[in-house]
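In the block that follows, a single chain appears as structure tokens, in the form predicted alone.
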Amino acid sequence: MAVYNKGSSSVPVARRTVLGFGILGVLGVLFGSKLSNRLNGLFSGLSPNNPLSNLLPGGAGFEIYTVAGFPVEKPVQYRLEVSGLVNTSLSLTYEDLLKLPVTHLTKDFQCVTGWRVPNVKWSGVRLSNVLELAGLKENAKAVLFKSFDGVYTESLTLNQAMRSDVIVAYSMLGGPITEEHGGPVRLYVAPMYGYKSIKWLASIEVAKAIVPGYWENLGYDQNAWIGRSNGRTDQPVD
């Protein structure tokens, strides 16, 4: 019996299941997003307590994690709400984001569980640009994020959020971000482990203090610097 670690708890996974995931992972890398989409359709209805719902093979070397299936929101429907300690609340459409100054990054995506996808191409808007567009009040100290899956949350200090390598991303791997990768819009925090890069980004709230997110409440570090947190020894991306 193998064990798959989910946050601070452990979920038993049969040896046959682990071997199956190994095969599916190889197929995901070989055949990319078409196979991944089909597998997502098969597994997305599983209970969050089922280990199968937490680890799905993805294209380009990614492993796909989810506890709430794969929510769908088309770009034409998308809204990014910006609120809290700002001078002007915003409701940005997908097209609004495309019109803002674009930032291109080529950076690794490093998961805290150990796997890494090198030199991923990302495009989007610097989070700092979005915050500056809304205007920050003097007592702003943190930025809180929610996913439109209704489960995932995250947070950064204001200093972390203002970094030039933290973006509201709408493109990765040379095209629009797919549902399984958190599209149409997700956060990408280059110097931190992947769980900080919240998928299916729905809202940004500027606040007085950090609020631990979904993964932090399961035992992961709030400050998820690659190579400097969560007991890992990986080399930092930046």
Ligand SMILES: Nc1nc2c(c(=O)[nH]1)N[C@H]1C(S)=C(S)[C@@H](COP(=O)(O)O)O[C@H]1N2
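Numbering starts at 1 and follows the sequence shown. Here the structure is a predicted model, which is why all the values come from computation and not from measurement.
The next section is about a form of this same protein that is not shown, the form predicted together with this ligand.
S.K.: If contact means any heavy atom within 4.5 Å, which of 104-112, 157-165, 131-139, 85-93 contacts this ligand in the model of the complex?
M.R.: Checking each option against the 4.5 Å cut-off leaves 104-112.
S.K.: Which of these residues, I198, V185, V206, A190, gets a heavy atom within 4.5 Å of this ligand in the model of the complex?
M.R.: If I apply the 4.5 Å criterion carefully, the residue I get is I198.
S.K.: Would E73 count as touching this ligand in the model of the complex under a 4.5 Å heavy atom rule?
M.R.: The answer is no: E73 has no heavy atom within 4.5 Å of this ligand.
S.K.: Could you confirm whether F62 comes within 4.5 Å of this ligand in the model of the complex, counting heavy atoms only?
M.R.: Close contact exists here: in the model of the complex, F62 approaches this ligand to within 4.5 Å, heavy atoms only.
S.K.: Taking this ligand as it sits in the model of the complex, is F145 near enough to touch it, meaning that at least one heavy atom pair lies within 4.5 angstroms?
M.R.: Close contact is absent here: in the model of the complex, F145 is far from this ligand, nothing within 4.5 Å, heavy atoms only.
S.K.: Is G213 near this ligand? Define near as a heavy atom within 4.5 Å, in the model of the complex.
M.R.: So G213 does not count as contacting this ligand.
S.K.: Given a 4.5 Å distance limit between heavy atoms, list every residue of 130-167 close to this ligand in the model of the complex, or none if there are none.
M.R.: S147, D149, Y152 sit within 4.5 Å of the partner.
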